[in-house]
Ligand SMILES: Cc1cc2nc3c(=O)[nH]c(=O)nc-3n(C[C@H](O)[C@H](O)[C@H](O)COP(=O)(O)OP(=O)(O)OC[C@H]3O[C@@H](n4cnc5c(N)ncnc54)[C@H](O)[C@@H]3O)c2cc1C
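A single chain comes next, written as structure tokens; it is the form predicted alone.
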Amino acid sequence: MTSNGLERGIRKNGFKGAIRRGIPMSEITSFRIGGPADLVLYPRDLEELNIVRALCRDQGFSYLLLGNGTNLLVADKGVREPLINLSHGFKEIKKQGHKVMAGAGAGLPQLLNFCTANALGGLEPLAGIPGTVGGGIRMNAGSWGAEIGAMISSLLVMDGAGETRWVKRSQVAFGYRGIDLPAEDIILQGEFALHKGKRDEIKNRMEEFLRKKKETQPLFQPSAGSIFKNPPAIPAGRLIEEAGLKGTRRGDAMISPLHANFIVNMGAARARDVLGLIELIRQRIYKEKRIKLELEVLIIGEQALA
């Protein structure tokens, strides 16, 4: 079955959500890089998500979850696999006592604003991370020594068979930029255990973390965030800086002079330019330090780097 046939099948089975065909991924990723996606699907509820999951499984399509596209480099030729985006129906944020339940499609900035408005503290170090709740949980997003996993009390997930279940924090292990959860499980909602505080103090802490981030990271240039995970002994950015690679360019892709673990799009960068810089960094750091840098950014699409 082609993507056209998949779309027809999804519609025939009652899917009423938005479907976008041939959308340039450069329009919906923070890197502003990437060719067209054959199919982007926006289920509005569990029923529509199940329709998409079941048909993709039955027709032999692998699919990818797409959040805000903030930790993503898409190949220049685009993406053939269907992309599923939860931002049209899984965005509710609500509180129950000192706990906050947030849908996977909600933005992390919206979650932090909600917590501030309700005087609930704990997530302030995540200020400035632009992804979604689901993406942030899946990669255990962190900043300033804090990680989102530390605040999670339970997760609502959909498994590969389309069944939903609650997973307690004690049943999953959060690691550095990851979670021990089957790849086929879709995170639908996170429950955060926070603490009561004073609204102004929480707001001030969040603004201070954001101010520091603006001073040290190129937040106002298109990028995919940190390119490499930090090795145990030394931050990746410091390794790259010490190798003299700050400001190095390939086409319109440049290793940021502000933070060496960021590659920024200076205007018309292509995925191949970024991949060239990634390979240059990896080779240089291994040659000089015998350290193999591991990617933090996810690379998808045709001819993506393994």
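For every residue, the number given is its place in the sequence shown, counted from 1. If you're wondering where the values come from, they're calculated on a predicted model, not measured in any experiment.
Keep in mind that the form predicted in complex with the named molecule is not shown, yet the notes after this line are about it.
Participant: With the partner removed from view, which of 112 to 120, 219 to 227, 166 to 174, 201 to 209 is the stretch that lies within 4.5 Å of the named molecule in the predicted bound form, judged by heavy atom distances?
Facilitator: Looking at the partner contacts, the answer comes out as 219 to 227.
Participant: Using heavy atoms only and a 4.5 Å cut-off, determine which of Val100, Ala236, Ala141, Met151 is in contact with the named molecule in the predicted bound form.
Facilitator: The option sitting close enough to the partner is Ala141.
Participant: Which one, Ala54, Leu65, Leu275, Leu46, lies within 4.5 Å of the named molecule in the predicted bound form by heavy atoms?
Facilitator: Only one option qualifies, and that one is Leu65.
Participant: Is there any non-hydrogen atom of Asp76 lying within 4.5 Å of the named molecule in the predicted bound form?
Facilitator: Although the named molecule is absent here, Asp76 would stay clear of it in the predicted bound form, with no heavy atoms inside 4.5 Å.
Participant: Do Pro130 and the named molecule come within 4.5 Å of each other in the predicted bound form, heavy atoms counted?
Facilitator: Pro130: contacts the named molecule in the predicted bound form.
Participant: Given that the partner is absent here, does Gly34 sit within 4.5 Å of the named molecule in the predicted bound form, heavy atoms only?
Facilitator: Because no heavy atom of Gly34 falls inside 4.5 Å of the named molecule in the predicted bound form, the answer is no.
Participant: Taking heavy atoms and a 4.5 Å cut-off, does Leu86 contact the named molecule in the predicted bound form?
Facilitator: Looking in the predicted bound form, residue contacts with the named molecule include Leu86, since a heavy atom lies within 4.5 Å.
Participant: Note that the named molecule is not shown here; using its position in the predicted bound form, name the residues of 163 to 187 with a heavy atom within 4.5 Å of it, in sequence order.
Facilitator: Residues within 4.5 Å: Arg177, Asp185, Ile186, Ile187.
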